[in-house]
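Have a look below at one chain only, the form predicted alone, in structure tokens format.
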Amino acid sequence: MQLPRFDFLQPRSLQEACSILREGNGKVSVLAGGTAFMVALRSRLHTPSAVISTKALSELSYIREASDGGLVIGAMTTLEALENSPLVANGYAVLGQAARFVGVPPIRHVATVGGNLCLDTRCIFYNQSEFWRKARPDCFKLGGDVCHAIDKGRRCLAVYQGDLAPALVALGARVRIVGVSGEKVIPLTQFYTGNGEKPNVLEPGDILAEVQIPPSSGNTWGGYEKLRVREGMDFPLAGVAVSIKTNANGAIDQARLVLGAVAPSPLEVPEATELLVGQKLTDSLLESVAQKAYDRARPVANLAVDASYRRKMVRVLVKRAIGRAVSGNG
């Protein structure tokens, strides 16, 4: 599993990086932390003609308070910096918690916020060596016309398994995308396509540059939980992020619940919001919210653990995440 041959480029500015990507027209890839990308290269899941490193783009590494009182985070900020930031801990603790769930300390030392948000979707029939994949016809994600996870499937349902995105969606985050012709800011929910073949909206010449999070009040709490095979380092097999704002009486004013690793993009559960807002949390309400999340989750058999078990565990993760949030430990 040697690396394929490619040109290695180190642009010195964001605009130079965007220009190289635009000229490459889809044949140039971006290397940030490289913790997932290098494995994909060795498996020949990507065979770019060139790879550009963004390590020199120090202007994309920061965590600071925004003018509106919110938080802005550069795409090259490491997950280690995210989990240790006092700004993140003060009002956005669910994000720091999600960062701590990613891999192990050596991975978080180099893995980046932008890289985690731009993770490719994954599938047990796709994330294999080139030799292993040759035993089957190419699936949708490899340019074929078959899904190996679902009999007679008509589209790719490879799973988005990033940890940060569910937490950031729960916080109402936006992302700033920079391209050769300018930049735009869109809600993170619009960044993901729901299409396993092309998980995000980035086009050749585009780079995700920044995450923007709205201001957090003192009564906002959050929690993140994930299911994984090994406690230390695995991608989530299911994940739940929740953000809850309470009033002086302890009733819930705002709530967002987001599922991860059960679909090609982070999956919001608006039915849970409808149940929670205006209510004080009780055991029966918690059961109802967990059921709504279970109904919303429809994982398929494309990861290492049985899909029905992953779906059942969504109920458990919802209860744990909400319990963590309302206890103030999120």
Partner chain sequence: MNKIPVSLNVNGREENLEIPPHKTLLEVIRDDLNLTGTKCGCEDGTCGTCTVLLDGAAVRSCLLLAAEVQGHEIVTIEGLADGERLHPVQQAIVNHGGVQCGFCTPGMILSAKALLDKQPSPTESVVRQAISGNLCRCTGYTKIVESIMALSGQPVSS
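Numbering follows the first chain given and starts at 1. The structure displayed is predicted, hence computed values, not measured ones.
There is another form of the same protein, the form predicted in complex with the partner chain; it is not shown, and what comes next is about it.
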Counting non-hydrogen atoms within 4.5 angstroms of the partner chain in the model of the complex, say which of Gly250, Pro106, Pro214, Pro187 makes the cut.
-> Pro106
From the list Ala290, Leu303, Val51, Ala297, which entry has a heavy atom within 4.5 Å of the partner chain in the model of the complex?
-> Val51
Contact stretch among 280 to 288, 259 to 267, 37 to 45, 61 to 69 - heavy atom within 4.5 Å of the partner chain in the model of the complex | 37 to 45
All of Phe8, Val110 and Arg230 with a heavy atom within 4.5 Å of the partner chain in the model of the complex | yes
In the model of the complex, Leu276 touching the partner chain (heavy atom, 4.5 Å) | no
Any of the heavy atoms of Ala272 lying within 4.5 Å of the partner chain in the model of the complex?
-> no
So, in the model of the complex, is Leu57 in contact with the partner chain at a 4.5 angstroms heavy atom limit?
-> no
At the 4.5 Å heavy atom threshold, is Val28 in contact with the partner chain in the model of the complex?
-> no
Partner contacts in the model of the complex for 293 to 316 (non-hydrogen atom within 4.5 angstroms of the partner chain) | none
